[in-house]
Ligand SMILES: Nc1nc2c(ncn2[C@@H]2O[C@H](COP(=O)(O)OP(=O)(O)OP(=O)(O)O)[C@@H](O)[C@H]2O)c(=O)[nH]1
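Single chain ahead, by itself, as C-alpha cells, in the form predicted on its own.
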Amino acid sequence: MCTTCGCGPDDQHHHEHGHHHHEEKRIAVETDILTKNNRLAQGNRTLFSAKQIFALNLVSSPGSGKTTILERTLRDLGSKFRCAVIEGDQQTDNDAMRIAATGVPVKQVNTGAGCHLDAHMVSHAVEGFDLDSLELLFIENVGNLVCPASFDLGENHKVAVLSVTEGEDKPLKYPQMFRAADVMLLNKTDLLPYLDFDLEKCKEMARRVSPGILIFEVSSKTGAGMDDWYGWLTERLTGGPETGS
C-alpha cells in the first residue's frame, strides 16, 4: 500500500499517482494509515521491551546482500545469542529457506503486491516464536528504499544495507530511508577494486542526510569488517558503548 494515496493491491487504477485525488484526501489517507501503523508498532515495541528482545529492521534495495549478511551473522553469532528472523518478500520463501538452513527460527511474510512490511504483519509473525527464549530479532524488510522508511515496525533500529555496486549517491537519492536508519552496512567491499565507487564520498553523503549514522564497511562474502558489525550487536545486547566509523 502506498503512503501517498493509500492505493492497495485490490485497487483497480494504476499506481502512477496521476489519478485525481484531492490533496486533502491524500493527506488524510496517509495520516490514517501511518497513525494506525504507529499505534501497532508501539505495541510491538512494548512487547519486545518486556521480553528483552533487541529488534532490528534491515532495509535496502533488492540485491544489496541483506540475506547473505544475515546468513553469515547468524552462523557466526548463533551460538552466542538466541536469534530469530522475520523474512519479508512479495513472493516465494527462498530467503526464509536460506535462513532456516542456519538453524535459526524464521517466519516468512509474503506481502503480495505490497512493497513493505508493516507493524501488523510483524505482530502476527512473532506469534509463532517463543519470545521468552529470544534475545535478537532480525526483520528483513522487502527490498525497497522508499516505502519501508515510513513504516515503524516497533524495532530498536533500522539498519540500511547499501551495496557498493549501487552507486555512492543512494543516500542523497533516498534521503528519507537513510535519515530513518541509525546504522548503515556498506556491503560487498570485496568488489571495490573492480568498481568506480568512492567509499569516502558515499559515507559523506550518508552523513549529510543522517549526521549520527554509524557506518560499517563489510563484505558478507569474505567476512571483512563483519567483526565490527558483530561488536556493535554485542555491545547493544550487553549494554556497552556504540562503535562505528
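All residue numbers are counted from 1 along the displayed sequence. On a predicted model such as this, the values are computed, not experimentally measured, just so you know.
Although it is not shown, the form predicted together with the ligand is what the next lines describe.
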Legend entry - Output flag, 63, 67 and 95 jointly within 4.5 Å of the ligand in the predicted complex, heavy atom basis: yes
Inset, instruction - Among 168-176, 113-121, 149-157, 136-144, mark the stretch whose residues have heavy atoms within 4.5 Å of the ligand in the predicted complex. - result: 136-144
Inset, instruction - Report whether the minimum heavy atom distance between residue 220 and the ligand in the predicted complex is within 4.5 Å. - result: yes
Inset, instruction - Would you check, heavy atoms only and a 4.5 Å threshold, whether residue 187 touches the ligand in the predicted complex? - result: yes
Inset, instruction - Although the ligand is absent from this view, report whether residue 191 comes within 4.5 Å of it in the predicted complex, heavy atoms only. - result: yes
